[in-house]
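Below, in structure tokens: the form predicted on its own, a single chain.
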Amino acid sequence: MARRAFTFLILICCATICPVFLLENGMALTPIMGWLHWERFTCNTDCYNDPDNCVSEKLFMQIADIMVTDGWKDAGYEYVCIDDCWLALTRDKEGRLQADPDRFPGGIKKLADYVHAKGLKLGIYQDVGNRTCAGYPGSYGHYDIDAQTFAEWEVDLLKFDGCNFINLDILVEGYKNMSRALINTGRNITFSCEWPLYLWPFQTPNYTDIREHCNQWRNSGDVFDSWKSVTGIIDWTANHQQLLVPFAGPGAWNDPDMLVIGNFGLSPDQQVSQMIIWAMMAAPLLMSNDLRYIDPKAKALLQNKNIIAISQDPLGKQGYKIASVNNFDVWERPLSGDRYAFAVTNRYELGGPRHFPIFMATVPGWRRCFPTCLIATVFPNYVELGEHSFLSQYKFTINPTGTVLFIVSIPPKTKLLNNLNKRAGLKLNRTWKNLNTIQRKDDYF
């Protein structure tokens, strides 16, 4: 465990010291929050038989209305994002993209005006290849004109997919070309890429390159409305975190895909786990659900101000998994103000709630807590637990597939003592030596 923590320290130091360029468009300084239609409404274009659920301007206007009236905007969700299947089957006579005239009779500019009048932002979808994933016209060979079209429509975000690319060189150059084309429009448009997702089957992506051209990027496959899908994405991210974490920060985020909270496939505890781990990973919070009929408990979870505060923490450090023992996963995320967030997930899908003890001195972030730190549970309830000793042990009870979330804060007197120790060149070797004799069989770290 100490070796893993030291490896992360090396990575973070490298990311701080070495110049890492990023897309300087001033967008996504914290992970974006909003709504995206794909997982819940997919490519439903049958407005004749299913007018309330087809991909149409009516749906997006209704979602925009609800985001304002039902507290979503106030909670921080600001993007209303269109995914695939909004397009007409062909470009217009001037070679420009056009929306399906039956499902978007007012066009995208009218929809953007409607969304903006609500104080929200509009996102749209296109593809780097010659066709989108659903077979509509792609942007290959039209990057400049498409970027200009989106700017004229006053779009605020572009989700740029990677289906139907011709070869890897064209894939990579296509993302770079669209990034430059968006900047050249003069409009600030958040650029959401799927560049690494399509590279991984062939080679390890160059994340320095990706960060320079994208505000956020998908790494793993599409999320589905199931616990298996959610945990698959979580595990993939944890297995690649040494590569991914150093590149995340203000204006540049790893995107594990949509939140499926409020749909059909996740239990209440599993919905909690997705929300918390997405916040720990500093992931974009893009819901894909039906806000018109969402369950009150799912709504309360998605609007939980304490979880959202961790997601949107201005330090902008992505969290990482620090342990996986006895079917418990433990995640740590550095926060602003000398704080750390910790999440513990019970991955055991049998029986009832299980107890998880944490021995404070053995958790990497807690090693700054000599002699004490402040603890507050964030979820399931926000409770300030006061100061705890460096040698304390705290026990959590966690439902199967559920997650608890807590914050550790370094109080002023501890910071003062640490500073004095540093100035005096004092070492805590004696303390660490004593701790080694205290280790017990159930010390999980």
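Start at 1 and count along the sequence shown; that's the residue number. Here the structure is a predicted model, which is why all the values come from computation and not from measurement.
The form predicted in complex with a further copy of the same chain exists for this protein as well; it is not shown, and the discussion that follows is about that form.
- Of the candidate stretches 74-82, 197-205, 351-359, 277-285, only 351-359 has residues whose heavy atoms lie within 4.5 Å of a further copy of the same chain in the predicted bound form.
- Checking Asp225, Asp100, Asp113, Glu152 for any heavy atom within 4.5 Å of a further copy of the same chain in the predicted bound form turns up a single hit: Asp225.
- In the predicted bound form, no heavy atom of Leu391 sits within 4.5 Å of a further copy of the same chain.
- The shortest heavy atom separation between Leu29 and a further copy of the same chain in the predicted bound form exceeds 4.5 Å.
- Proximity of Glu57 to a further copy of the same chain in the predicted bound form: non-hydrogen atoms within 4.5 Å are absent; the residue sits far from the partner.
- Ser409 falls outside the set of residues with a heavy atom inside 4.5 Å of a further copy of the same chain in the predicted bound form.
- Contacts with a further copy of the same chain in the predicted bound form, taken as any heavy atom within 4.5 Å, map within 266-292 to Leu266, Ser267, Asp269, Gln270.
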